[in-house]
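Next up is one chain by itself, shown in structure tokens, the form predicted alone.
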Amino acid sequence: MNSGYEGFEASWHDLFWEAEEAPSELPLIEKFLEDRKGRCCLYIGSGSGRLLGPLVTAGHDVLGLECSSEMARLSRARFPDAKVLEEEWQNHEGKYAAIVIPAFTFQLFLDPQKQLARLSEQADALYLTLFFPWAEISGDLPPNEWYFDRKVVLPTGETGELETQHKIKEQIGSLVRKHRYTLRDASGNIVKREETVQRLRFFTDVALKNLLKKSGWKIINEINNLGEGDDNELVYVATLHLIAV
């Protein structure tokens, strides 16, 4: 079982995002980077270049950092003008005008207070997107059993399917997700299966604000649900613009 973006998890990643038709973070990141054009910023977890490529094309000086060799390869192939370093952020040194961590990547980090403190040493501004697992907590998604997540028709005519199984510990803010990817041929027969696992942290509003305060960050802007919906809806996704204090 893999724990990183390799295999089907890497090659199907963008196809699932496109099929979901979720709001894009790209306008939110561009707004955050508006005042930093011409100054180098770091994008942690830049993946296949889905957001990094358009940012570079728009004229932003953004360096991608990606620990998955397969995702980094996909990024370089699709967006050759976007520079990507294949490296774990914990091993990366440098000082930047800002750091961008969209798409819940930060929630994969161990010891979030320590990591936030280290981020404040590398940049004075931080873009962060986090999700809160309401569906798992409420029981809308059944724990400890496989359930259908999504599927997509591949360019080859085959079908890619994703099933998910999760365990959640609300008291400590821990969510473990197993993903099962199934490749089926045009007749519906299973060609290959792969499984991966992700261990994520999540935070209540109070816990997050305490964490940011202890690690030296201040919220200057907060955008709920990627700017979609109204103020009365549950906040599934929070995008934060932070400055080091």
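Start at 1 with the first residue shown and count on from there. Because the structure is predicted, anything quoted here is derived from the model rather than measured.
Beyond the structure shown, there is the form predicted together with a small molecule, which is absent from this document and is the topic of what follows.
Undergrad: How about Leu108: is it within 4.5 Å of the small molecule in the model of the complex, going by heavy atoms?
TA: Judged by the heavy-atom cut-off of 4.5 Å, Leu108 is in contact with the small molecule in the model of the complex.
Undergrad: When the contact criterion is heavy atoms within 4.5 Å, does Leu42 count as touching the small molecule in the model of the complex?
TA: So Leu42 does not count as contacting the small molecule.
Undergrad: How about Met71: is it within 4.5 Å of the small molecule in the model of the complex, going by heavy atoms?
TA: Contact with the small molecule, yes.
Undergrad: Answer yes if any heavy atom of Leu65 is within 4.5 Å of a heavy atom of the small molecule in the model of the complex; otherwise answer no.
TA: Residue-level check for Leu65: yes, a contact with the small molecule.
Undergrad: Quick check on this chain: which one of Ser138, Gln90, Thr156, Gln113 has a heavy atom within 4.5 Å of the small molecule in the model of the complex?
TA: Exactly one residue meets the criterion: Gln90.
Undergrad: Report the residue, out of Ala97, Ala103, Val152, Ile168, that has at least one non-hydrogen atom within 4.5 angstroms of the small molecule in the model of the complex.
TA: Residue within 4.5 Å of the partner: Ala103.
Undergrad: Among 34-42, 183-191, 47-55, 213-221, mark the stretch whose residues have heavy atoms within 4.5 Å of the small molecule in the model of the complex.
TA: It is 47-55 that comes within 4.5 Å of the partner.
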